[in-house]
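Next comes just one chain, in structure tokens: the form predicted on its own.
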């Protein structure tokens, strides 16, 4: 490894807080840096991000680089790429980690191509041994895991949410905050953001939820999803969907889970009226506990479920919510979960 640091691109929320997946990246990058015997750094990009940089500096890292510019207020691929490459020429990191998000799916390949280096996406872990650094990722719709050996620098990887316990703030000695001057303009830019619409069901909310209640074609209509919303609300979780309900217009495409949608790894995934296609399973295979509700006892989803209920969801879901309500009245719950 070179003397450059393993560096995490920290993504910010709408309120300029740290995205949960970035905290996980900091934890994994810290382990990689320890194994490789190098330093750990973070880079924060945006506009007026002083408070965010201060928040990042509370973690057990050596240096926080800030790229602060009005044109970085919201994500625009060409501007973010240009800014990051300016940072790279100054810091020369030996490795770059990002969360596997909509932003990084677009940005990471651009940076890797510009730097002429390799990129491993949607990773869930790493190994470091005699041969070097390997990143682990699910392949073939999550049916097997591949270990990919990294050669050359800087290595690049995007990390799937809930693959690592988030980093915690530390009492580390002084962390250096370095402001990197960036020069940006729109000259020659082929893409420009004209408007941003932020709805109630952002992908990040679904992907960070600890409990997901998802519905499939078996729900039958948009009205059927109201039962799922009631249960999700009682559990403090989020509502998801397989592709058919999104294609049929019953729910927003923003809550689609699957190979062509979002990837979630909640503690509990409740699949209602979902048959269990390979494409859908690829998006929720990381769930710790899977509960399936389907009237077809031969549905594929039961093969991966930890608990299964064969029955009509219109009868099963009210029973679920009723049982939760009764237990809460009896004082057997903690917080907002059963």
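Positions refer to the first chain, counted from 1. Just so we're on the same page, rigid core means the largest C-alpha set that superposes within 1.5 Å between forms. What you see is a predicted model, and the numbers here were worked out from it, not measured in a lab.
There is also a form predicted in complex with a small molecule; it is not shown, and the following applies to it.
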Q: Give a yes or no on whether every one of 170, 210 and 236 sits within 4.5 angstroms of the small molecule in the model of the complex by heavy atom.
A: no
Q: Sort through 48-56, 32-40, 64-72, 293-301 and report the only stretch with a non-hydrogen atom within 4.5 Å of the small molecule in the model of the complex.
A: 293-301
Q. Wondering, does residue 104 line up within 4.5 Å of the small molecule in the model of the complex on heavy atoms?
A. no
Q: Flag residue 289 as yes or no: does it have a non-hydrogen atom within 4.5 angstroms of any non-hydrogen atom of the small molecule in the model of the complex?
A: no
Q. Within a 4.5 Å heavy atom cut-off, is residue 224 in contact with the small molecule in the model of the complex?
A. no
(Q) Can you work out whether residue 230 and the small molecule are in contact in the model of the complex, taking contact to mean some heavy atom pair no more than 4.5 Å apart? (A) no
Q. Of 95, 99, 261, 266, which residue is found within 4.5 angstroms of the small molecule in the model of the complex when only non-hydrogen atoms are counted?
A. 261
Q. On a core-based superposition, does residue 36 travel 2 Å or more at its Cα between the shown form and the other one?
A. no
Q. Once the two forms are fit on the core, has residue 317 moved its CA by at least 2 Å between the shown form and the other one?
A. yes
Q | Core superposition between the shown form and the other one, C-alpha change of residue 47 at least 2 Å | A | no
Q: Relative to what we see here, could you say if residue 162 and residue 283 have their Cα atoms closer or farther apart in the model of the complex, with a change of 3 Å or more?
A: closer
Q: Relative to what we see here, could you say if residue 165 and residue 282 have their Cα atoms closer or farther apart in the model of the complex, with a change of 3 Å or more?
A: closer
